[in-house]
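For reference, the chain that follows is the form predicted on its own, supplied as structure tokens.
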């Protein structure tokens, strides 16, 4: 695929080496998700998955906020009376926020600053990693509208939050900060907003340097076995390991073994495996 970055109406794409930023770009609406944004995000993720230069994808928002949830007026009224368009938008909304992101073949990081509300929770949870600004503001405010968290949000929060936290914040609608999100492990860590991009890039560069196939297979394995019995997990992981050895185009296992056993230049736990 060409290295050219695609142009979209409500999503910006920026490169930093092998790290690609996919940026929700409706800053005047705090990046509330419109029908067009959902379609653009599907296209952006499909592009990034096939782009040879991209090794890590960072999902974030423009203008100081991550995502204020659905743009309710546009999402429910823009295509009112057009069931085909509403169905297409609904499918796109679900597809990029969970189906595509949770199964994305490359490492993904959510970089959260400003507001993250409602439907904005789902992509944060679907990403492999999440780093937030200390003063980011998270909230599931749907209960205040007399509704439940829409789409997969109510299910998604149970995948990453403790049961008590999921119930508390869903039912009260109370907000919590980036620091509180890190304390409950909703995100991996939080940092001062001025350091957010630098901290994300430290993680991204670490991931970028690793075998792409090993990263893909490892994150797929960890995500998949959570719902399995021990016997199921053993069989699945054995097959996954054999598939990685057979299909890795870089033959990372063989290279690492040679570096460790023959060249004596790689000591697991004491240094990084260096890709060519």
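Positions refer to the first chain, counted from 1. Treat the numbers as computed from the prediction; the structure is a model and nothing was measured.
Another form exists, predicted in complex with a small molecule; not displayed. Remarks below refer to it.
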Residue among 104, 98, 129, 115 with a heavy atom within 4.5 Å of the small molecule in the predicted complex: 115
Quick check on this chain: which one of 72, 191, 85, 154 has a heavy atom within 4.5 Å of the small molecule in the predicted complex? 72
Given the small molecule in the predicted complex, answer whether the residues 108, 123 and 223 all have a heavy atom inside 4.5 Å of it. no
Please pick out the stretch from 200-208, 141-149, 164-172, 177-185 that is in contact with the small molecule in the predicted complex, where contact means heavy atoms within 4.5 Å. 141-149
Could you confirm whether residue 29 comes within 4.5 Å of the small molecule in the predicted complex, counting heavy atoms only? yes
I'd like to know whether residue 215 contacts the small molecule in the predicted complex, with contact meaning heavy atoms within 4.5 angstroms. no
is_contact(residue 42, the small molecule) in the predicted complex, heavy atom dist at most 4.5 Å: no
Please run the contact check for residue 58 against the small molecule in the predicted complex: heavy atoms, 4.5 angstroms, yes or no? no
